[in-house]
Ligand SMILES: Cc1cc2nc3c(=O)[nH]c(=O)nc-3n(C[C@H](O)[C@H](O)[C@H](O)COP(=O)(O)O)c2cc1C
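Taking the form predicted alone, here's one chain by itself in structure tokens.
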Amino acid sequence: MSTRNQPKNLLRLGVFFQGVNSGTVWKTPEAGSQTDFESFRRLIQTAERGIFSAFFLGEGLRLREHLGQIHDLDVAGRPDAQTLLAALAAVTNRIGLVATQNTTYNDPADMAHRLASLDLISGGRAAWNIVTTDNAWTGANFRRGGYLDHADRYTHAEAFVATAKRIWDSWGREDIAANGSQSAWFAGNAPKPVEHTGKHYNISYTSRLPRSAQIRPVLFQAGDSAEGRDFAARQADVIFSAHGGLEAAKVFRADITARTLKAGRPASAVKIMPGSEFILAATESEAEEKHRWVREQQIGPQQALAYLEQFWGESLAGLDPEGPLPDFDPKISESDVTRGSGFQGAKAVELTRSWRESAKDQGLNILEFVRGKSGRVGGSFVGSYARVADTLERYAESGAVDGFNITPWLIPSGLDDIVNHLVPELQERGVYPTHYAGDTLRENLGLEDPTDVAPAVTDEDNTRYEVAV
């Protein structure tokens, strides 16, 4: 056992099953189905064996397009998150179940009921990753194209989330009969209706479900704009951040702590788990060889040209993938949402000119350049089990993060190296749990009881009310 000083905090791990993406290796014989239940079962049970806190599902409301057509190089076919998590709740016991769900194209009472249902039947393991996708291109799928102005997405989302919280909190802890000796099912006060009148919807709703073992679902959020960070500081329990490098993570932590305190919540109320990628092996040389293999599988000649086409806005099929980047400017000046959230809003002309210069300076061809851009910025950990564990120990000691949300590059075996080799190294260093702290997700993330920290919130009409507790 290590004799090193006790670190400031334990790290937690989550796993992000993307379902729709370009980074999952799917052409190798080791790859399994992206849609069969068996893949999800195998991955989540591996994660639970490794004492992971959460299993995280993304959401895709429309298939990504490429030059006006369905992007046929992407992995796609993601099942509904809440349906899938309900099934996975039956084959797991402790791991949290995180569903990404949109506030723009759902209704708060219905969403609150469905998430509370998952929370109740899983014994208090449900979580909601709140997203605000509002563009007309996605909205066309819901007959609501362009109905919500982009500037209103967070005020709308905040009213939505505050309403959901009021619905969850409208039942007391002991409002139902504990046993058959009581004279009525409602042992305490009957739930009161939740009223909301706002710009986008009016609600008079009486919740149909009692509280779960963790009071209400845990809330995740990933917005990185100033508005998104303030929203998370006011409403979220966990941030799925994009700041995985240690120095960037320290800066992000300081910023979120300041915003959380300003929102009237304790500094530790919001946990931070950056998105990350792990490529591991027994030795450094083996890990480097695996890293090269993964990038070659992720980015072949087709993918490299398609990546550049997202920004150039036209077919580059005539270019040699082993040649230089295009010597002409893109047809478009700014990439749009049809290319996916990772590309949306990029200043294409300015960006591609800097890429051309960078690739020339480094002597990189198209294939090498695009492969070099793969992986998570600052959140890619490549190396031997021992060296990566040493690196993560420094993260734990710094207090910059509370853990990592890992995106496997291979399904369903992408966590095997982490659970079999990295987790024991982290446990030996005292920076990773050796058992689950409790039965609920809130307990296993070290979160406070929400009834003890409920803040005042503001609805979308700027009238104030207190969250019912």
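Every value quoted in this text rests on a predicted model; they were computed, and no experiment measured them. Note that residue numbering follows the sequence shown and begins at 1.
What comes next is about the form predicted in complex with the ligand, which is not displayed.
Here the marked residues 132, 222 and 225 all reach the ligand in the predicted bound form, each with a heavy atom within 4.5 angstroms. For the candidate set 385, 154, 312, 307, a heavy atom within 4.5 Å of the ligand in the predicted bound form is found for exactly one residue, namely 154.
For the residues 260, 100, 303, 235, the 4.5 Å heavy atom test against the ligand in the predicted bound form is passed only by 100.
The ligand in the predicted bound form comes within 4.5 Å of a heavy atom belonging to residue 240. Under a 4.5 angstroms non-hydrogen atom cutoff, the ligand in the predicted bound form lacks residue 331 among its neighbouring residues. Taking non-hydrogen atoms only, residue 59 approaches the ligand to within 4.5 angstroms in the predicted bound form. Contact check for residue 150: a non-hydrogen atom falls within 4.5 Å of the ligand in the predicted bound form. Figure note: of the listed segments 51-59, 31-39, 415-423, 436-444, the one touching the ligand in the predicted bound form, with heavy atoms no more than 4.5 Å away, is 51-59.
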